[in-house]
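Read the single chain below, which is given as structure tokens and is the form predicted alone.
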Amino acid sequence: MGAGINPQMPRSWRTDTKPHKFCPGCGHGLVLKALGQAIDELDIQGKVVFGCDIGCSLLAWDFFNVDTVQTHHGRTTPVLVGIKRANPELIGIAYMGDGGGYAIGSQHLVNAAARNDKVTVILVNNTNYGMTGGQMAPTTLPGQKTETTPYGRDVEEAGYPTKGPEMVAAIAHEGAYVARGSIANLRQLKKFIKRALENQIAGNGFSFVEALSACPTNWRTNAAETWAFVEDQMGKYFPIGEFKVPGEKKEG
């Protein structure tokens, strides 16, 4: 860091691993900042077990000063469920991308929601497989160009994008918390993540937050185009808000 610069990092972050390893403009750093702030505000750093998936999310393995486990692709949710069942006093956070949660790991997400497992899942949606070069993912938008859809996603061929929070909310039971936030509104995203952690702390049930994020490297977009894609195109297809809140009205 330059002389006189004192960046405001969450206390739960490991400062010796910063700057982080994500690509310039990647949204993972913002999602992890919101998570770190939520951990700080709830004062739960000593109880957290953080699990990350293989994919871009694996670069978060050394982000925090908390106990951390890296899992096989798609297996983060059941690993954290097992840890939580072995020691219910811990706060289990499963962190993954849309491929890890909605493709190879979709069966684990569905069953954890159906069982109302008392863990918190945070899923980062950047509409592509970022680490492997930008192929079509479960969340790739209709008409969006990727390495495997050079002419745009054809829904007649590839189906429609997965709407994870809507799916989880439909199968989750009373006590579950389900929301979708965006890096375009970091204060709101942090609030959703904090509520998801509070729901786990209270022992209510499964907690799930999807975060709309950016991948300018594979989108091949400049700053203005990246932000417009997140706010406008992604925001229109993937509505922001709370989909299931124990004992409360939904909030947008």
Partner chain sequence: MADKPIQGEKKVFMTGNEVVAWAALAAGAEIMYGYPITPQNEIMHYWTRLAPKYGRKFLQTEDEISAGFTTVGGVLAGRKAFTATAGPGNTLMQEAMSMAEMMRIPTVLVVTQRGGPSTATVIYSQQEVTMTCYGGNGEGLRIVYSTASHQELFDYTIKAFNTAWKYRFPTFILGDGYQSKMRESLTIYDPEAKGIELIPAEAYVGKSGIPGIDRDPAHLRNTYNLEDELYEVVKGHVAAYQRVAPEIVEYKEYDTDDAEIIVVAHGVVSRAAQGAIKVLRQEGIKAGHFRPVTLRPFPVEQLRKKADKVQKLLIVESAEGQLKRLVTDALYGITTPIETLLKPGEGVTVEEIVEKVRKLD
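Numbering follows the first chain given and starts at 1. Bear in mind that the values here come from a model prediction, so they are computed numbers and not experimental data.
Only in words, not in the display: the form predicted in complex with its partner chain, which the text now covers.
Comment: its partner chain is not present in this chain, but in the model of the complex one of G152, G175, G82, G133 has a heavy atom within 4.5 Å of it, namely G82.
Stretch-level contact analysis of 163-171, 95-103, 73-81, 141-149 against its partner chain in the model of the complex, using heavy atoms and a 4.5 Å limit, identifies 73-81.
Among heavy atoms of Q37, none comes within 4.5 Å of its partner chain in the model of the complex. Residue contact with its partner chain in the model of the complex: W219 places no heavy atom within 4.5 Å of it. In the model of the complex, L42 stays away from its partner chain, with no heavy atom inside 4.5 Å.
Contact annotation: N65 falls within 4.5 Å of its partner chain in the model of the complex, judged by heavy atom distances. Heavy atoms closer than or equal to 4.5 Å to its partner chain in the model of the complex belong, across 21-58, to the residues Q45, G46, V49, L58, ordered by sequence position.
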